[in-house]
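Form predicted alone, single chain, as structure tokens, below.
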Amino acid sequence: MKDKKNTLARLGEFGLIRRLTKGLKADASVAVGPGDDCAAIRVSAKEYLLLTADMLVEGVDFFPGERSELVGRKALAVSLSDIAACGGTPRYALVSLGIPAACPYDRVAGIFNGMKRLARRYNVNIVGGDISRCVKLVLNISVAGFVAKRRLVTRSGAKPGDVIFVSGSLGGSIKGRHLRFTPRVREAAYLTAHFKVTSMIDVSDGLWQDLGHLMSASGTGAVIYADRLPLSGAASGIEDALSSGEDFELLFTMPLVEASRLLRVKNGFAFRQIGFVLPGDSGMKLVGKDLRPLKVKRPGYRHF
């Protein structure tokens, strides 16, 4: 008889990650390990090396009818977004491809061309990788970047009273923006250079779920004001903005004094205040204009 308690569907994506990473040991060179947007490795007294990896699978993260160049662009962009979420600058990439034998050359070449164009835009060097035969098309990208020690931002620094911001509009990404989004590298560099950012993550699996990662890592709660959520023109409503994911905007927190300063400065960015960090025993709350609690029906995307 099968043990249903140990199926991936029962464990869930994050339960699986917790089990696999439990008991991992790292030496003193590892400043940040599993559980954040990037690993951070001490390479000098003033700088960290950032490492991240993302896998995109045909039929899950992209589909056969989508433009090859845009698929390749997305594959690299999601990793650049991770580097941005830690306040860093991406520099090097490794590209590994799993390719069906019947896949047309033009499809693969187009995907790689999309990666190369984005790499040039962000001064990222593609320095190697691997190719293997696969049942379906799989793109695995690893990116290395750097961040000054004083500018490193993780998920775990939010404090009660901090203001919660998002860097742009939310929702409706499946209608095309999930292939064309802009990794917020410039925005992250600006924020970490001029302000004290206490925690940050990129919105890949839905704002509500990714906010939960920030709050869990920080041991805090949060309140989000539904009427302050910046909906994109393609969003179908609040639930879409909270849950559909693949917006790849920065979700970040900062002290009230810093937040007031950010809102006063004309910087050309679309930072929007959407809520506040609460004590840990407060949980996560979504409220409407009348401050009545609203229910979040679907917290975000999970693979299992």
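Residue numbers run from 1 along the displayed sequence. Since the structure is predicted, the reported quantities are computational estimates derived from the model, not experimental observations.
There is also a form predicted together with a further copy of the same chain; it is not shown, and the following applies to it.
Taking a 4.5 Å heavy atom cutoff to a further copy of the same chain in the model of the complex, the contact residue among Ala217, Ala189, Ala148, Val138 is Val138.
Of the listed positions (Gly33, Pro64, Gly237, Pro279), a single one reaches within 4.5 angstroms of a further copy of the same chain by any non-hydrogen atom in the model of the complex, namely Gly33.
With respect to a further copy of the same chain in the model of the complex, the three residues Leu80, Gly172 and Val223 uniformly fall beyond 4.5 angstroms at the level of their nearest heavy atom. Shown alone here, Leu229 lies farther than 4.5 Å from a further copy of the same chain in the model of the complex, counting heavy atoms only.
With a 4.5 Å cutoff on heavy atoms, Arg91 counts as touching a further copy of the same chain in the model of the complex.
Although the partner is absent here, His194 lies well away from a further copy of the same chain in the model of the complex, with no heavy atom inside 4.5 Å. Remark: Leu152 does not count among the residues lining a further copy of the same chain in the model of the complex, judged by a heavy atom distance of 4.5 Å or less.
Residues placing heavy atoms within 4.5 Å of a further copy of the same chain in the model of the complex fall in a single listed stretch, namely 126 to 134, out of 194 to 202, 67 to 75, 161 to 169, 126 to 134. Annotation for 91 to 108: interface residues with a further copy of the same chain in the model of the complex are Arg91, Tyr92, Leu94, Ser96, Leu97, Gly98, Ile99, Pro100, Ala101, Ala102, Cys103, Pro104, Tyr105, Val108 [heavy atom within 4.5 Å].
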